[in-house]
Structure formats: C-alpha cells, structure tokens
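Only one chain comes next, encoded as structure tokens, the form predicted alone.
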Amino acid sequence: MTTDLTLLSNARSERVRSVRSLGRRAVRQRQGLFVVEGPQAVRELLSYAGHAARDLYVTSSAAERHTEVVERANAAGVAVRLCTDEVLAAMTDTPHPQGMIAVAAPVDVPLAEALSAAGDGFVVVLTNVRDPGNAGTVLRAADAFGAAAVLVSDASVNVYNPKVVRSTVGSLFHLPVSVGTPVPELLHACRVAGLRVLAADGAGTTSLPDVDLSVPHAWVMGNEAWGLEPEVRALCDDVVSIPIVRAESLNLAMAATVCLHASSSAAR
C-alpha cells in the first residue's frame, strides 16, 4: 500500500464523519474500530500491533516530520491518506491532534490469554474505574513498571475511549489487555491462575511495605470516588493501604503508580 496523494480537504465528507463517529462507544462496538491520535501513539500501534492498523490520516507537514511512521505504515500495508489540518481536527474530539491519527481494530485479548502472561509476575485489575484519564494513566504505569497484563472489568470505562487511548501514549499496545469481564469472575480467574489477590484501598490494615510482593499477585484498583466496595474487598486475599505522611489520600492514578512501583522493585 502506498500513500494516497489525493488530499482530503472536505471536513464535512462522509469519511470524516465516519471517523469522527468513532468517538462514540456504540459506534466503536458496531464497527469494531477505534481512533489512535498523535505520532507517538501511532508509532507504537504500528510497532507492536501493526496487524490492527487500518488507515493512517496525516497532514503533509506531519508526514514530512515523521517519515519513519509513514514508511512503517506503507510497509505494513496500511492505507495512508493525506489531509488538511481542518479535516484532521474534524475527525477527533481534540482541536490539535498533532497532525496524525490512525484507525485501528481492537487489540484486547481473552482473559485466559492475558492471565497466561502473568507467570511469576503481577497483573492489574480495574474494577469500576470510570475516568478515562485515570484508566489510561494506570495502564501506562502498568506498562512502565512491568505488569504482565491489565484486566478491565465490564463496569469500567471502555479502553478504546479516545481519552483513554491518548492517556496511554501507546502503552495500550505494549501488554495484554483484557476487557468486559465482571469483577467476581476476574478475581476468581486471578486466584485460579495462582495469583495472590491484593486490594489497594485506604481502608486496608496491611501497610504496603509489609506485603510480600515477591509472589505472583494481582493489584485490584477501585473507583475514583468510593474506592473498592466491601464485597469486592471481601473477595481479595488482603487489603493494602499506602502509608501517607500528611495528605488525606492519593488519587487512583497516584496510588496505582505507587503500588506498581513497589511490585516492580520487589521483582528485581
């Protein structure tokens, strides 16, 4: 596949409206597609999940700045289409999409496949995480600190929400992500896979420095506002809190980052 030199300049065209509509969850699920914005995220998509890429939309100036991304897309057989800044902006919910977006098929994997990657390491479970930025940041932290997989419950935000995808900055394509399983089933599957299930919650009586993180384990993260429900905590092997000197609490993304860093340190 080569770059289509026909410039897309009509911001009201059917193609533009079709890409823009992928911002809605119902449309993404119906079409089996989602949008990846920005050269860094597109680069990671093509590098780690190139089979999922379908189309690349890029402005002329961005194509000149990021020739390696365009070349990689061409080599992967991805349709590359030149467009104006106005067209690219009309395709997304951000005014400045950095000159490049891709349309891709979902990259999540079945729960069993995600858990098979755990081995002697650790995974992250998102139970009722609703904020796209938080979900994306936790996924990025999981990638940074070496989590084997991220398991996202059916009650959490859709991982293909444009804000989630942007927040991961490409980490979505680096590690197995499973979606759509109810929380009780997720925790049961983790236990069957031999993982110690640890709830991260301010109500925990076990302090993070006292937890044995050298064994395979799953960190269970709760909702931004109310944390983990009592019934979810009851399904976990331990409830762990992070020692805090002065602040009242940590937000979800910060707490997850601290816990995942501790797991990464224990594995060294």
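Residue numbers here begin at 1 and follow the sequence given. Note that the structure is a prediction, hence the values are computed from the model and not measured.
Keep in mind that the form predicted together with a further copy of the same chain is missing from the display, and what follows is about it.
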Is there a heavy atom of Pro230 lying 4.5 Å or less from a heavy atom of a further copy of the same chain in the predicted complex? no
Does any part of Gly146 reach within 4.5 Å of a further copy of the same chain in the predicted complex? Heavy atoms only, please. yes
Close approach of Glu14 to a further copy of the same chain in the predicted complex, 4.5 Å, heavy atom: no
Can any non-hydrogen atom of Ser21 be found within 4.5 angstroms of a further copy of the same chain in the predicted complex? no
When a further copy of the same chain is placed as it is in the predicted complex, which of 51-59, 22-30, 231-239, 205-213 ends up with heavy atoms within 4.5 Å of it? 205-213
Among the candidate residues Arg130, His174, Arg81, Arg196, which is the single one with a non-hydrogen atom no more than 4.5 Å from a further copy of the same chain in the predicted complex? His174
Of Ser156, Thr137, Thr181, Asn161, which one comes within 4.5 Å of a further copy of the same chain in the predicted complex, counting heavy atoms only? Thr137
For the three residues Val35, Thr94 and Val103, which mark the spot I'm curious about, does each lie within 4.5 Å of a further copy of the same chain in the predicted complex through at least one heavy atom? no
